[in-house]
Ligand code: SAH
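Read the single chain below, which is given as structure tokens and is the form predicted on its own.
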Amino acid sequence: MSNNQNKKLYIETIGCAMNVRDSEHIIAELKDKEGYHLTDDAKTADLILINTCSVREKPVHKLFSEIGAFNKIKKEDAKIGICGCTASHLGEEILKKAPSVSFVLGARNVSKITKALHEDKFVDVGIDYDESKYVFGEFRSSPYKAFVNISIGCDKSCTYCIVPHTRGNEVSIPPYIIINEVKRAVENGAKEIFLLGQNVNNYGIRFSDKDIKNIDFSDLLEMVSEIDGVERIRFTSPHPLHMDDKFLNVFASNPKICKSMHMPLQSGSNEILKQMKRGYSKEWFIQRALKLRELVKDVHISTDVIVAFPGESEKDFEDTLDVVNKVRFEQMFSFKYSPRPFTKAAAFLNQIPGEVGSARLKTLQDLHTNIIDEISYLQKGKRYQVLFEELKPDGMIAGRSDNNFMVQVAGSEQLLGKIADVVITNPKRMVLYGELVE
């Protein structure tokens, strides 16, 4: 450990929940091994880190202006480090474009953060490094919820996605490491465990430790649910292709598993799904989603949709609208296709004009807004169990229902970290307002 116990770390995290967990791992390593303490003021920091995302274009373009802005305000001897997926795909190019950067650390190399700190102009963006058995120190952003990685990398070859190039092949983390991490989190007060992976329900496909055999995601869910103190389990992202009956039945029957499922559709057109290399059909997706609704009353299904993928015709787009109408997702993250480096779709010749993509995105989002308004209206009078996590202005407190609705009630910090019953009295599109059940 360094002698200087007053060094300050400022970290900006962009992107998905896996990036949030990577940042927590980085903070733990620097705290335990280098004596760093977090600050929310970049001007006072001795080390400024940007943990980047490269799934879409905008965050990548923003990176260099962010570096410039931090370079203007930082202390003279402070270091700037770039981590995460954009670090993985740009590598040394970041140092060439931004000489103020001290090191570049890829998304597959998080455990090397202390090494990066001590080597000038350090770059390691290899995607074949295996840290699946590395045990990180303990740091959590929330005292009530614990993110836990169950795998790293991705074996899929979706033609629009850069993630396999930035995070490498999929390796599952051994179950004993996951179970120990969950036990530690619960001992430190966590009530909700959030399991993370690019394709969580592909868990067990490959372990570094060849002695581990015959365990899949459904088995892991059961193992985590048996740990004393675990009250809720969530996970992201499952892949529709691997939503077999065993998985859906465990999801439906285990009372500790929160009844919200993320099902990334991407497109409702079989032709586009084939071009995307998603591995499932429109019919399979609808059948799995409706089976879920049949098994679980009040299940909350969220999704991702890309419009204007190369070659998408009006008929293809209408197929996507058809799935949205049939499944009626409670939440949708929708985007206009943007070509990413190192992906096959970037070289497809039948790119869709930007204005067509924008119009389709608006049509899709307008349709979904109407659906969620109808869904929200139907929540009035329903009773949900809510884990309260965040104080809001005007004497309000917010949390999520078991099935992932954002709920607010009048209440104080005494409710933080508690699970309580709430009756919904005033449902709005983004938030359900309610009253505590005494």
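A residue's number is simply how far along the shown sequence it sits, counting from 1. Everything quoted here is computed from the prediction, not taken from an experiment.
The following text describes the form predicted together with the named molecule, which does not appear among the structures shown.
Engineer: Report the residue, out of D298, E138, D216, D304, that has at least one non-hydrogen atom within 4.5 angstroms of the named molecule in the model of the complex.
Structural biologist: The option sitting close enough to the partner is D304.
Engineer: Only one of G204, G91, P143, P264 gets a heavy atom within 4.5 Å of the named molecule in the model of the complex. Which one?
Structural biologist: Contact check passes for P264.
Engineer: Would you point out which of 155-163, 187-195, 208-216, 253-261 contains residues with a non-hydrogen atom within 4.5 Å of the named molecule in the model of the complex?
Structural biologist: In the other structure, the partner sits against 155-163.
Engineer: Do K112 and the named molecule share at least one heavy atom pair within 4.5 Å in the model of the complex?
Structural biologist: K112 lies outside the contact set for the named molecule.
Engineer: Does at least one non-hydrogen atom of R340 fall within 4.5 angstroms of the named molecule in the model of the complex?
Structural biologist: Heavy-atom contact with the named molecule at 4.5 Å: present for R340.
Engineer: Although the named molecule is absent from this view, report whether K183 comes within 4.5 Å of it in the model of the complex, heavy atoms only.
Structural biologist: No.
Engineer: Is there a non-hydrogen atom of F335 within 4.5 angstroms of a non-hydrogen atom of the named molecule in the model of the complex?
Structural biologist: Close contact exists here: in the model of the complex, F335 approaches the named molecule to within 4.5 Å, heavy atoms only.
Engineer: Using a 4.5 Å cut-off on heavy atoms, what residues in 223-249 are near the named molecule in the model of the complex?
Structural biologist: The stretch 223-249, when checked against the named molecule in the model of the complex, contributes only S237 at the 4.5 Å heavy-atom cut-off.
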